[in-house]
Ligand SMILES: Nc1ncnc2c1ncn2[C@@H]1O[C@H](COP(=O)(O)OP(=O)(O)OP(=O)(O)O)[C@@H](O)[C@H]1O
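Given next, in structure tokens, is a single chain: the form predicted alone.
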Amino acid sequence: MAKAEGRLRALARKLAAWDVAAALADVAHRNDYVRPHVTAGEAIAIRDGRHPVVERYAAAGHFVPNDTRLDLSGERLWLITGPNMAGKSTLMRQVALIVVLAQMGSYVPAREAEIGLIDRILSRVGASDNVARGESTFMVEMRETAEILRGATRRSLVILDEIGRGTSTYDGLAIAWAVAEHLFEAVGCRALFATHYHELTELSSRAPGIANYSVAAREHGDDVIFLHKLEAGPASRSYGVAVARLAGVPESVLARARAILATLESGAALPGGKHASLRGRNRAGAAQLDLFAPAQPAVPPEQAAVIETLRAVDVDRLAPLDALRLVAKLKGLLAGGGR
């Protein structure tokens, strides 16, 4: 038996290779995969790409495929915006999985794919912490981001999801902006960067290699419909309140959130009096007005908050107990206690 050890090991390796090849062939045949063109070039071009796992859980024919093209000589950094649940993370992961499958010799879930060789895939997707070692979610996020920035090369594929979300708006935006700039200017790799910081979309106007894309969603009344289709250009909004509504957040809370959101989007102050808008302001802290902006009637802040909340509330969805809480909240605002 000892004399046959070498032959047995060689036979086992061959059987294992055949088993893997047969399994990949079976999956490709059953799920309509195609043979990718793996090249030494610099482009990742995928037509009608699909996520190999998510599509298996989606109803037949309901997974929406998307096209992707990243090229070191063209658009190499995509800034992807759009609402939660629309499919940003799915899109980024499916590109990474298709690249892995192609470079390991498998067929891929797409109609057509050209995969330029990459040396590594670096990703920061999802949220996790390490409280046993005293590391918060944001600390873990920053540690992983640091490792990506140190390890990425021109031939790498980087996927980043919501960098900077674990800290204040200004800190988070500053970090996300600097990371995107570093990946584009210093590393020069192909990257997919999903974000809710819509200010980041301004980067595309500074360099032709940065492009804005968004995952489509449409509003129907108070509902939001996720189309899961990638479109050129930035998203107009994030639909966070609409997603909170789908999750079952009480209507009284949603109404207050809509009112505060409308106030912030208009460049006004937070309920506590401080400003959170990125618009320019004068030395007194007031928002800089447009030269031809119409004069607005002076309304006390307490009354304005009550009016905006009442306009935003959906009476038909308001439960009796929520209505009582909303009335108490509005009375508190009028009395100056809602701040």
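Everything quoted here is computed from the prediction, not taken from an experiment. Note that residue numbering follows the sequence shown and begins at 1.
There is also a form predicted together with this ligand; it is not shown, and the following applies to it.
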If contact means any heavy atom within 4.5 Å, which of 57 to 65, 24 to 32, 39 to 47, 303 to 311 contacts this ligand in the model of the complex? 57 to 65
Contact flag, A113 vs this ligand in the model of the complex, heavy atom cut 4.5 Å: no
May I ask you to check whether K88 falls inside a 4.5 Å heavy atom distance of this ligand in the model of the complex? yes
Considering non-hydrogen atoms and a 4.5 Å limit, does this ligand approach H198 in the model of the complex? no
With the partner left out of view, is S123 within 4.5 angstroms of this ligand in the model of the complex by any non-hydrogen atom? no
Answer with one of P83, G188, G172, P250: the residue that has a non-hydrogen atom within 4.5 Å of this ligand in the model of the complex. P83
Since exactly one of E75, E144, E162, E181 fits, which has a heavy atom within 4.5 Å of this ligand in the model of the complex? E162
Contact check, 15 to 33 vs this ligand in the model of the complex, heavy atom within 4.5 Å, ordered by sequence, gives none
